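Only one chain is included here, represented as structure tokens and corresponding to the form predicted on its own.
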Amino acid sequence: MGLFQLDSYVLLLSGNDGLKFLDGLSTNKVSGTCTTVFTDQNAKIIDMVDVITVGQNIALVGHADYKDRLIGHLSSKILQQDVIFRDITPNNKVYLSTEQWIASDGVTVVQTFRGWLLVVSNTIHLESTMTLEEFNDYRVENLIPHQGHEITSNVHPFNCGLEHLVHESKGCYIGQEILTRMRSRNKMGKQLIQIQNPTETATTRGTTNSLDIRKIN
């Protein structure tokens, strides 16, 4: 079993309008625990976020370097909705397991397309069993994009392998018109692909293969 600690933030949303608020701002249908993408008016990525329902609250787990931009984005969109969020990153660590992990006290587990995501209280001690190189090889072999590599503010979800997180029949959200037009015209631009080494360019370099975002002829 491979366990890798992610550089993540954890936000906690409370209030009666939490899921509706998130659904109106992101690409996937948000009616409970899921993974979704927040995009700007040009359909470029703000962050890919795991939404986890925790009792009456909602945890948002994303990439640490993208936290401030996402918080600014969410804060500016709260109008009359019953939504309050706070940053609980200092109280938790986030890991990705390549195999099923059983939840326990202090460890919340959800299955995602990347593997099993673990949000772990700082009172629980876990250690990574994968090196960064092993984690990258796992991602390359399974065509899994990652923030700071494939998932950046320079691309839209179709570019970086997140097309499955763009709901085909969802209503209005920021960036929706552009993504719908791209999909309807089948003109989604560059695509995330796996390539054999050696290669001159790559978004993630693995031992044998690499990932890159390229124009597909």
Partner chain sequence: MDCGTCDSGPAIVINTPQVVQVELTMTQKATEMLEDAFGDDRSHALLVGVLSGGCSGYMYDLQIVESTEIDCQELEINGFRVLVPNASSHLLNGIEIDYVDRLMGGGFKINNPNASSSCGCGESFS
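Residue numbers count along the first chain shown, from 1. As the structure is a prediction and not an experimental result, all values here were calculated from the model.
The discussion below concerns the form predicted in complex with the partner chain, not included here.
The shortest heavy atom separation between M130 and the partner chain in the model of the complex exceeds 4.5 Å. With a 4.5 Å cutoff on heavy atoms, K77 counts as touching the partner chain in the model of the complex.
In the model of the complex, the partner chain stays beyond 4.5 Å of every heavy atom belonging to V140.
A residue is said to contact a partner when one of its heavy atoms sits within 4.5 Å of a partner heavy atom; G175 meets this definition for the partner chain in the model of the complex. Of the residues A202, I193, L12, L19, just one reaches the partner chain in the model of the complex with a heavy atom at 4.5 Å or closer; this is L12.
Contact with the partner chain in the model of the complex, defined as a heavy atom within 4.5 Å, is made by all three of V54, I88 and N91.
The chain is drawn here without the partner chain; in the model of the complex, the stretch among 130-138, 95-103, 79-87, 143-151 whose residues come within 4.5 Å of it by any heavy atom is 79-87.
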